[in-house]
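Listed next as structure tokens is one chain, alone, in the form predicted on its own.
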């Protein structure tokens, strides 16, 4: 995939497209882009494109908003950088996202200001709608609270844990009690540290067969229950990141009946894969939280269908090649996702929930969750051919890492191009 900056490139017309028209409807259309990257009205009779692209009935969808973005810079810019991340967003059709780096906790106002300036000065930003989670504790630890009031004033849209395990109950209460004064939502990865221990895969038949240390479902459900009880007691809004099992969704359903303001997302790979993938012993399937059973995956799909799940998370975690080409249990968990998310999940997602709900989960709900601008009026869009398979190669990914369970695999759909902030990428 190559990036074409229309300001320096040719004018073009994208022909034979089907534009999403709300609901499940699409209308036939062509799209014109001039040499400066601006969209040109069909009424403009003097427009003479340098290039015509026949899209053969491909779909034009609103651009996406990504949850779970970690670009690693500045502490681990040897792995991945802001530039890599923003390039990946363009390739995948994302106009914005929620940023929280496990390696770089934003735990004071100065760091928040510095992070926003760094993104703003990044050459490929060009108006990307990036929102930031502040840390509710210093260094994602459980010793001292971050200055959440200052972080909120500096622009934090909520407070997160950097993917760390849930802290002890007293610290959790103190954090949520203090953060309540900001009115912001808390974002938690529901995982009990002592129950996870040194586990790296789902505790079940495959972990037993392979002799790997497992992470039981109750590591998630007990942590989730603790958070929900604290949220109920303090009346604080919470969000669960990357829920993996049906029992947690049941807790969320019951909590909502009690009036608790709780939202949740599920990970891209947790929908598309399960722990049977571990049979290969390929470290590309080493994810935290772990891939769980096929029954758990189906429970997540049902959560999408009945509205329990608010959004689908990208859970972007870049990992160096040398940290993946080792024994499974010694590898660093994580996967790339932005460039391949839409073609990987679009057909199955639409078959299960329909086009409108699919876009709600991938674009509108994630943006609404953090107060970002909504992808309306097609100022940014992505063109996808749902029936054209695509091969996932190293060149698909931005940067020099390519850790993904789908590397070398064929996806059911193809992204033909994206138009993000005046830049056409194909």
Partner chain sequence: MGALQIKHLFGLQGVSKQDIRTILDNAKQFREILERPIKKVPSLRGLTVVNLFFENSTRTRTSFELAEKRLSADTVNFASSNSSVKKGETLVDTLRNIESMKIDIVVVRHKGTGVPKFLAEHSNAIIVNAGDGAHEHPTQALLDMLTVEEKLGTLEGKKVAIVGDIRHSRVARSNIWGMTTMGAHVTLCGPSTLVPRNTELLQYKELAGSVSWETDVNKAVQDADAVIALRLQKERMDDALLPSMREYRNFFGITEQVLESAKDKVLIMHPGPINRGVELDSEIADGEHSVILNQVTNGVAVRMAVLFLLAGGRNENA
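Residue numbers count along the first chain shown, from 1. Predicted model only: the values in this text are computed from it and were never measured.
Keep in mind the form predicted together with the partner chain is missing from the figure; the text below concerns it.
Put simply, residue 143 is far from the partner chain in the predicted complex: not one heavy atom of it is within 4.5 Å. Contact annotation for residue 329: at least one heavy atom lies within 4.5 Å of the partner chain in the predicted complex. Put simply, residue 197 is close to the partner chain in the predicted complex: some heavy atom of it is within 4.5 Å. In the predicted complex, none of the heavy atoms of residue 273 sits within 4.5 Å of a heavy atom of the partner chain. Using a 4.5 Å cut-off to the partner chain in the predicted complex, each of 210, 280 and 325 places a heavy atom inside that distance. Residues with any non-hydrogen atom within 4.5 angstroms of the partner chain in the predicted complex fall in just one of 210-218, 151-159, 98-106, 77-85: 210-218. The contact with the partner chain in the predicted complex, taken as any heavy atom within 4.5 Å, belongs to 205 out of 356, 205, 181, 294.
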